[in-house]
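Just one chain follows, in the form predicted alone, and it is written as structure tokens.
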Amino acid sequence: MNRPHSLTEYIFLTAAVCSGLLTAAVFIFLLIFSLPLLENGQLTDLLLSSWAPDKGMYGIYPMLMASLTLACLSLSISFPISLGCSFVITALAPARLRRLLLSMVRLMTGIPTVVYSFAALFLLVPLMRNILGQGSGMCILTAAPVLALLIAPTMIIFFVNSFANVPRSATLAVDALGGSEIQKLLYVMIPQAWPGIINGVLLGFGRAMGDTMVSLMLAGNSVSPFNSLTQSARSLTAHIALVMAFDFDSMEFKSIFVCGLFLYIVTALLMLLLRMTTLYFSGKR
């Protein structure tokens, strides 16, 4: 009777070990191919200088700032909307409408990123061009709302699941005391669901940092440092996609491994922070 159970455990343990080794192998792969640009103490130059291959400069500073700006701006747009939608789905809407809204949100998670970007290219870009009165309309301010729409379904589902895990005894106590749904949300559900909310924000930020198509099609892909949100910019992921066409032995091509290494480190730090947050709040309960 114990043999199938032991075999199952062995299979899952093997899968976990292989996943860990594969993750480490990806890091080593990126590090090895980044060495030509990292040797001789060039890390500071890579992070703080501009991109000018004709002058022997392969800095990723403009792309790094564009990625961080896009991720933070899209998160600031998406977070209140996602939190409000999760409130409606969890407690404020009628039961049938809750199921319908949640099904629509889940459907949105399956829509390819290129569909959002393609629709925004013909709908949002001309609108932004008319509003700004100059330029092509492809800029950070155009890409950020679309990126916010992209990460919203993931955050909404995470928030809804966090609210659903709130002990039912606490919500029933509010009902017994005659509390409203708003009071239940503000004084019981949100304080109890904070760990899940933080984790959802971290995952949303990680997805915003890792997206390619939105910034590639809507941000303008300028490698010059930007001074305002209405200027064109190129993210790290878009830079990787565009520089892939260069010769394999060129320094331009090797720079994409530095971009990938930085994105890897950011993702790893986010996951570590997510794990530490979960363990911290679990210990306080």
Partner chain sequence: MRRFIESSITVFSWAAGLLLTLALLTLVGYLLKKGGSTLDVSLIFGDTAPLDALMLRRQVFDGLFPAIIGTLLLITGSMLIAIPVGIAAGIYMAEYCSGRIKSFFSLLFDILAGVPSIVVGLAGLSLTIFLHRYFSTQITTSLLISCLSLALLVLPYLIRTTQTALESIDPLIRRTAPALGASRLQNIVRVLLPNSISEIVGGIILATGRCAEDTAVIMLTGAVASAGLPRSIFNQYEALPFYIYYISSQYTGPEELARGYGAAILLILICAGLLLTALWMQRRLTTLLLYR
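Residue numbers count along the first chain shown, from 1. Remember, predicted model here, so these are calculated numbers, not experimental data. Basically, rigid core = biggest C-alpha set you can superpose within 1.5 Å across the two forms.
Quick note: we don't show the form predicted together with the partner chain, though the next part is all about it.
Open item on the list: in the predicted complex, does Gln192 come within 4.5 Å of the partner chain, counting heavy atoms only?
Closed with: Flag for Gln192 set to no.
Open item on the list: I'd like to check something about Tyr61: if you look in the predicted complex, is any of its heavy atoms closer than or equal to 4.5 Å to a heavy atom of the partner chain?
Closed with: Tyr61 lies outside the contact set for the partner chain.
Open item on the list: Check Phe87 for me: does it contact the partner chain in the predicted complex (non-hydrogen atoms, 4.5 angstroms)?
Closed with: Because a heavy atom of Phe87 falls inside 4.5 Å of the partner chain in the predicted complex, the answer is yes.
Open item on the list: Taking the partner chain as it sits in the predicted complex, is Asn199 in contact with it (heavy atom to heavy atom, 4.5 Å or less)?
Closed with: No, Asn199 stays farther than 4.5 Å from the partner chain in the predicted complex.
Open item on the list: So, a 4.5 angstroms cut-off on heavy atom distances: do all three of Leu30, Ala120 and Ile182 pass it with respect to the partner chain in the predicted complex?
Closed with: All three within 4.5 Å in the predicted complex.
- [ ] Would you mind checking 100 to 135 for residues with a heavy atom within 4.5 Å of the partner chain in the predicted complex?
- [x] Those in contact are Leu101, Leu102, Met104, Val105, Arg106, Leu107, Met108, Thr109, Gly110, Ile111, Pro112, Thr113, Val114, Val115, Tyr116, Phe118, Ala119, Ala120, Leu121, Phe122, Leu123.
Task: Threshold 2 Å Cα movement between the shown form and the other one for Val17, core superposed - done: The answer is yes, as the C-alpha of Val17 shifts between the shown form and the other one by 2 Å or more after core alignment.
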